[in-house]
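The data below hold one chain only, encoded as structure tokens and taken in the form predicted on its own.
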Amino acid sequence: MKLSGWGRYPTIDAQVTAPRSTDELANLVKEGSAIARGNGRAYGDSAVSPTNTIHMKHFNRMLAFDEESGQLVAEAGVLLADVIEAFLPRGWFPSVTPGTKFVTLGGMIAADVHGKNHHKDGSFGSYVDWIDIFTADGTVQRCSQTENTELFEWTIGGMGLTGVILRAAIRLRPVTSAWIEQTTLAADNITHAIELFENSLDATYSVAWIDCLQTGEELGRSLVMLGEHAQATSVPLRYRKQPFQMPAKRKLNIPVDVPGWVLNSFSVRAFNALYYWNGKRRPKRQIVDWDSYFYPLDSVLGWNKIYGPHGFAQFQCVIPLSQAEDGLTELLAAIASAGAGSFLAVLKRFGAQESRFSFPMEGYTLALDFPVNRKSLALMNELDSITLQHNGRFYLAKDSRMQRDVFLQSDRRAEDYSKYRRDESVSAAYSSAQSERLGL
């Protein structure tokens, strides 16, 4: 069957199976070149193997929950959305969440996802107590920070290339409502945006939307949105007796591909100007529901069709703190100069993190979507070069087109990871189209 990630690029002919037991899984892994796939929300080809893609949709049970510690034990195919639906009414929320709730627990571990609170709380891996993983030798091994430590450290952020994640124990955080106190700050340019982030390091959540087509004094003008979990006494009056309820919403749906001519520099410029000024005019402080704050794109089902039949690619890098302002300025200038702006340009502040292979490091991460075409792909190659010049690196969960030499230059840890996979005889058993492309 034809298979792709959420970006719908590249599309690959792939053999896909969906085992229902570890015995069935064992037989599939014996065939080699296997990769586990969750809900297909990685943007590129990291969860696609042309010969052996293993869909984990039948491993989707929540197994145990500790009301004292917030520890949830669940199988890898459980959706984050289902975790929230089950536990938010009981006063628990994910400790770290990416920008969509339609991801699986296994995918979140494999990508070691980050959220709007990385500067304060780190990545998802910080809240994983242990993992059961089906390794290349056909056994199930439990790993943690005290047991099979090396396997644990390479698995978190290892893009599914150490084995198939079967189940894990993760920790949720207690919350007192389903609402967020949001503070919106308008930044005149990228320097001002960074200043606002640095002055807001105590905020639990922070993220900025950038108008990426502005130039000159307004290069990188932004809306910086801070967030805190609201106390039950602060939520809208009609919900104070039931602070975990929220208003029912209708979801939009993009049923077909949007024609390519709709998305151009004029339409993006008009959208960005409207979004920026609306944001600037809004009340500085608002109480918003959790779904609107964390998952605004999830309200538009099939939003990946906005970019047309050829799909889209996301560029996401992180620039270390010492070079962030210069690097971000160069990246945004290149994007504005190319007139290839994106509706979705997101900036976040990362805190310090030292991991075997996870994406985050202390600095700023910039993410933008572009329709796949020759012009955009050439621009992303230019953005790669700027990132390398500032000692940045790239998020593999979003990658679909990076070249091998760029990847190896950006991340010196890749050589150690490849050696680990060879030494543990993992390379032949597990691989993806992405790992083949990048030489992992």
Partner chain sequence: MRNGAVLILGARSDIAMALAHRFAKAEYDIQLAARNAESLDASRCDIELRYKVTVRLHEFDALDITSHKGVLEDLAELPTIAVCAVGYMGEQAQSERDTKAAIKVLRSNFEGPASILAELANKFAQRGSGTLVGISSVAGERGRATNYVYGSAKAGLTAFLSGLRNRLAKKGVHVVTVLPGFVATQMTDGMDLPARLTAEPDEVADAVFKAVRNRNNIIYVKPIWRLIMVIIRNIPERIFKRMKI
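Numbering follows the first chain given and starts at 1. Because the structure is predicted, anything quoted here is derived from the model rather than measured.
Beyond what is shown, the protein has a form predicted in complex with the partner chain; the following relates to that form.
Enquirer: Identify which of L379, V372, A414, M62 has a heavy atom within 4.5 Å of the partner chain in the predicted complex; exactly one of them does.
Expert: It is M62.
Enquirer: To verify the annotation, which of these, K284, R240, R90, K120, has a non-hydrogen atom within 4.5 Å of the partner chain in the predicted complex?
Expert: So the residue touching the partner chain in the predicted complex, by this definition, is R90.
Enquirer: Quick one: which of 146 to 154, 80 to 88, 99 to 107, 316 to 324 gets within 4.5 Å of the partner chain in the predicted complex, going by heavy atoms?
Expert: Only one stretch qualifies here: 80 to 88.
Enquirer: Going by a heavy atom distance of 4.5 Å, is K419 a contact of the partner chain in the predicted complex?
Expert: Outside the cut-off, so no.
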